[in-house]
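Quick heads-up: it's one chain on its own, the form predicted alone, in structure tokens.
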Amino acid sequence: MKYKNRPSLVMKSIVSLSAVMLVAACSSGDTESTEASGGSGEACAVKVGIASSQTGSLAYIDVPNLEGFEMWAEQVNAAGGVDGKFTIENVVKDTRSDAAQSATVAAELLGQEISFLITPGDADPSIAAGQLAQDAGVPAVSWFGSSPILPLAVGDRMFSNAFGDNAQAKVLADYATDKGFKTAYTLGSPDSAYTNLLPGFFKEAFEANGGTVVGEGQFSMGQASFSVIVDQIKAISPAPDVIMTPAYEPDFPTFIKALRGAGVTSVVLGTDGIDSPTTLALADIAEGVLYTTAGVLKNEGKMATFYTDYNAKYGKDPETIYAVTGYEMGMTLEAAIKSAQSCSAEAIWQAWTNLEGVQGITGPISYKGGDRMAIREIALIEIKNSERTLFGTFAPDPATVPKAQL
């Protein structure tokens, strides 16, 4: 699958080059200074730079992730730090859901000699920020940027806390095939790596399973109306069995309202971008929608303790699985620090690369032997009576997952 937005990627490289100059102006020898601290198991603070979209279109992903991560850091520090000696120091800056601002913020954070960089929950701003971390020798991990081109576009210091879009597309394609669906329509957007590549991954997997994609549509992110696209779908005869789209807020609500309002009853398959309270609030319009995500948000089992702690800290229940994945980011970092026995960026990077079977709340998380996207189970969720219902969890065979390439 080719990356169709190559001009935007080149733009981000230019932004990154400018920001690298800013890093150099802020601090010389960042990597050496970071690596010199906390070696050989000495007590020290792991300084985490957090370039997070606290405002803007990605805030619905990044804000709960940060809440979960900060809760983890508070608990670790209250217990004396990782292994009783490695404390966590968070430095948070708002990227405003903008790629250029993400690069600027990352440069500022890298100038403060951080050991670890967290980037926004989307590939485009994470590429802009991650390229700087790569050049500075600092490991970077996206909150939940799921496009598998992310580590390819940045380098070996870039990871994601998310499974790859190619993997979640495979889960959706297998579900459709298992249900006996033969035809599909895909709807994507060239405006981001996430919305651009996911339909292609689904098409490849669905057709490998024997299905046929009978139509492919495109939208512009943030467009006011989907009436023309819905008319095109209605014109397909017979109607497609399923409609797959990675559209998320505000586009998914606009699309599903137009689709159901026009009387189209095809099953709609979405992805983790719609795992939000907004989707649940669509009531009967979203009834029967299925989507892939990191897990089902329920106050039960292993997640019950998280609910209790989260409510005690924030005075509310978590509204999205992204609060859980933020906490799991902390659990994964804790495993890396324990392995590294250091606050060094280099040591944490090496440890992160080899992580295997880290027990998260939603299940085990690994990176060893992978493509620097998290190797984790994928949950398939169905909306029933305005609630999330777990259809099942899946771990697709990597050999059957569509390959990603720039």
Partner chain sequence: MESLISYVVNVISLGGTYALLALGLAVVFSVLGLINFAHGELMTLTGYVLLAGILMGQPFWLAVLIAVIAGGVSAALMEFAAFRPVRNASGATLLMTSFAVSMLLQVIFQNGISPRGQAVPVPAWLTTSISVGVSQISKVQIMSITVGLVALIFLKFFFDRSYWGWAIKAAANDFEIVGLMGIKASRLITFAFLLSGLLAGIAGVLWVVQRGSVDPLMGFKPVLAAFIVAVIGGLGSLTGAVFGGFILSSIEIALQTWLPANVMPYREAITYTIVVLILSVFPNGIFGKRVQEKV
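Residue numbers count along the first chain shown, from 1. Please read all numbers here as calculations on a predicted model, not as lab measurements.
Although not depicted, the form predicted together with the partner chain is the subject of the following passage.
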item: Interface residue in the predicted bound form among Gly363, Gly41, Gly370, Gly56, criterion: non-hydrogen atom within 4.5 angstroms of the partner chain; value: Gly56
item: Interface residue in the predicted bound form among Ser237, Thr305, Ser220, Thr265, criterion: non-hydrogen atom within 4.5 angstroms of the partner chain; value: Ser220
item: Ser276: touches the partner chain in the predicted bound form, heavy atom cutoff 4.5 angstroms; value: yes
item: Interface membership of Pro190, the partner chain in the predicted bound form, 4.5 Å heavy atom rule; value: yes
item: Any non-hydrogen atom of Gly211 within 4.5 angstroms of the partner chain in the predicted bound form; value: no
item: Ile229, heavy atom within 4.5 angstroms of the partner chain in the predicted bound form; value: yes
item: Partner-facing stretch of 286-294, 156-164, 113-121, 254-262, counted where any non-hydrogen atom is within 4.5 angstroms of the partner chain in the predicted bound form; value: 254-262
item: Within 4.5 Å of the partner chain in the predicted bound form, all of Val63, Ala281 and Glu319 (non-hydrogen atom); value: yes
